[in-house]
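This document opens with one chain alone, in structure tokens, the form predicted on its own.
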Amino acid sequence: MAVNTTKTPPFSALQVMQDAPVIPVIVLNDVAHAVPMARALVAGGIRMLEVTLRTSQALACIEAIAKEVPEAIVGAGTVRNAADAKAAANAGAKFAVSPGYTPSVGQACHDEGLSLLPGVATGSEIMMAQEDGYTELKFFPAMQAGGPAMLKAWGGPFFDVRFCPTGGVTAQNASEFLSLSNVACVGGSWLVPAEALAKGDWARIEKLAREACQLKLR
């Protein structure tokens, strides 16, 4: 993949992964929820926020967080193509997370100055991402694709790769993933439950963030 860009990501993918044990995977349908939710997560110790591009309001939510919660570092999830990467960067995202990987997505994120956590579920996908220089990867969907056992198996041939397992990761099984030497963090939606968003229960979200910060690597 030829890379021609003058934009430098403000954070490396490894820095995104190592900031806290959990990256929250956030689905927002209402822009009014974005800022108080982000403030609650930051108050609980979580700065790296992945807002997924799964709703019509996602980009507006990213923009609101980027402008009004400077302590947060907002990224875009579900980045599937170059248009997603460009829109996310224009909204103020600092990193991107993709459900899979293609060279064009990698190129687009380079061009936009976004650190990328590419999604992988097979050895071939890992090798494709590595060919383009990616050694920090999202393992997705983690539980459905083999869970901790798969990551242990990958530890031999892919000893130089660090993973963020996402998909089916919960407060109950996160520690099993975090105990693995090739796992830098996990991604999970449990930090921002839909019912807490609907009720504006920011105290609960802050509490869940604090609890997530207590999870330990190895």
Ligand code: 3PG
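Keep in mind that this is a model prediction, so the values were computed, not measured. Start at 1 with the first residue shown and count on from there.
Keep in mind that the form predicted in complex with the ligand is missing from the display, and what follows is about it.
Looking in the model of the complex, any heavy atom of Val25 within 4.5 Å of the ligand? Yes, Val25 lies within 4.5 Å of the ligand in the model of the complex.
Report whether the minimum heavy atom distance between Arg54 and the ligand in the model of the complex is within 4.5 Å. The answer is yes: Arg54 has a heavy atom within 4.5 Å of the ligand.
Contact flag, Gly45 vs the ligand in the model of the complex, heavy atom cut 4.5 Å: No, Gly45 stays farther than 4.5 Å from the ligand in the model of the complex.
Should Asn182 be classed as touching the ligand in the model of the complex when contacts are defined as heavy atoms within 4.5 Å? Output for Asn182 is no: heavy atoms all beyond 4.5 Å of the ligand.
Within 4.5 Å of the ligand in the model of the complex, counting heavy atoms only, one of 68-76, 82-90, 133-141, 113-121 shows up; tell me which. It is the stretch 133-141.
The ligand: the contacting residue among Gly168, Pro193, Pro36, Gly155 in the model of the complex [heavy atom, 4.5 Å]: Looking at the other structure, the residue within range turns out to be Gly168.
Along 180-195, which positions have a non-hydrogen atom within 4.5 Å of the ligand in the model of the complex? Counting only heavy atoms within 4.5 Å of the ligand in the model of the complex, the contacting residues of 180-195 are Gly188, Ser189.
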